[in-house]
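Next up is one chain by itself, shown in structure tokens, the form predicted on its own.
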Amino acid sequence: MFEMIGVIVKKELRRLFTDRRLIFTTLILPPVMLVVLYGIIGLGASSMISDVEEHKSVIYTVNAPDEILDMLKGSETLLNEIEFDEIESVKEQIKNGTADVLLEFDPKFHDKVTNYKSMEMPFLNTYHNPSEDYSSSAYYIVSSLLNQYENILLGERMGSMAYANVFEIDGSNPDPTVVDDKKASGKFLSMLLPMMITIFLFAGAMSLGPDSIAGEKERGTMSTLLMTPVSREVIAFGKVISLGILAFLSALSSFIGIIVALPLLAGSLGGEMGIDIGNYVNYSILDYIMILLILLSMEGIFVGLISVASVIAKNVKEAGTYLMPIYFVVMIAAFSNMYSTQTPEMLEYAIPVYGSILALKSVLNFEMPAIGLLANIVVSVLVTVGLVSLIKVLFEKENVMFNQ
């Protein structure tokens, strides 16, 4: 039995490794696409950040006091003083992205802030466009300057600037951040990698599975194979094992592509988050073993689902139709875990596929409980065994295997 399973596995592997186009699309193209894609995203993000930093904010003011004008001029902004009847025109420019911020001061702003005991509080209206990066950046600059100006006024009212500040935040603290760099970097990786690995793992199996079973049924070669003295149980096991090996190789190539491509994002996204992702977290051998076990157990479910759909289908196109809803559910499970911040319950690890993604995230984030890992692997193996048993039953049905 095992010898015949080995023969079928070798046949399927030979089919891949002797087909140059299949090797290229399955093992070479995915990591290359990832590197190119992440490279473009990284360059684009860096370019966008640099562009915002180098941009000179375009700020318009109405009735601004001299002190405010002096502060704005010192911030290297493009300052424009306008009249009240021009406000609507400038607001339209802010909406269109050609202007950044408009400050409308009370006509008696200076008199009211200096004679605050006898006069009412002056108004100050600000206008900016949060959907524009330039405008948001300029608004941050303006808000900081207005806070400084307010402290100056409070200091004048109280007789000293020292009275304007009740306490000082981190003034004598050279290093206010207390962070575990290892865990911070792991958190970043745990947000991205589980989602990507899961999708590529399923996509890799889906690109190979339908042709391995449904494709042979469509071409008529499956009928010939079923007529041989080899038991259908052996054929089913051989198909599933070979598909699992091919799917894992496809996922491994994509995983390598992700590892190579991530540094291209590190300089831009990582820097913005205050994390040096370029210096990769040193995961232990045990962590890699846990990741491998999770991937293998989750792959077993994927291969089982894809094989079932391929066995039921009459041709490759029909198999693809059956698999799309499953792919959609897998994507939902992958994305739902991406931004999750809550500590998972132990029972969540026992949910097929979802629990595997959760387990991957926990391992990468250095928070994987042993019981959770065990529950996830045991459930995944049981589901895989159930799917393989179903495949075995389907292989015994004449109307299914001969498209009757």
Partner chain sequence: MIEVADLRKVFKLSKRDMKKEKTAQKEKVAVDGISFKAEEGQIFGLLGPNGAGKTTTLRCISTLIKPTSGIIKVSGFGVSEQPENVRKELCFLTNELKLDTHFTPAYTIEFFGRLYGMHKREILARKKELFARFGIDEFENMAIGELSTGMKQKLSIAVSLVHDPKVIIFDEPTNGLDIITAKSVTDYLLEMKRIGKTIIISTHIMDVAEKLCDKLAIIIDGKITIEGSVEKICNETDKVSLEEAFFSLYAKNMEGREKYV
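Small disclaimer: the values here were computed from a predicted structure and weren't measured. Positions refer to the first chain, counted from 1.
If you look for the form predicted in complex with its partner chain, you will not find it shown, but the lines that follow are about it.
- Out of the listed residues Lys317, Lys73, Arg157, Arg219, Arg219 is the one that sits within 4.5 Å of its partner chain in the predicted complex by at least one heavy atom.
- Residue Thr224 is the only one of Thr224, Asn151, Thr114, Thr126 with a heavy atom lying within 4.5 Å of its partner chain in the predicted complex.
- With a 4.5 Å cutoff on heavy atoms, Val230 counts as touching its partner chain in the predicted complex.
- Not displayed here, its partner chain is kept clear of Val400 by more than 4.5 Å at the level of heavy atoms in the predicted complex.
- Among residues of the shown chain, Thr25 is not one whose heavy atoms approach its partner chain to within 4.5 Å in the predicted complex.
- Thr18 belongs to the set of residues with a heavy atom inside 4.5 Å of its partner chain in the predicted complex.
- Residues with any non-hydrogen atom within 4.5 angstroms of its partner chain in the predicted complex fall in just one of 247 to 255, 231 to 239, 200 to 208, 93 to 101: 231 to 239.
- Taking a 4.5 Å heavy atom cutoff to its partner chain in the predicted complex, none of the residues in 113 to 148 make contact.
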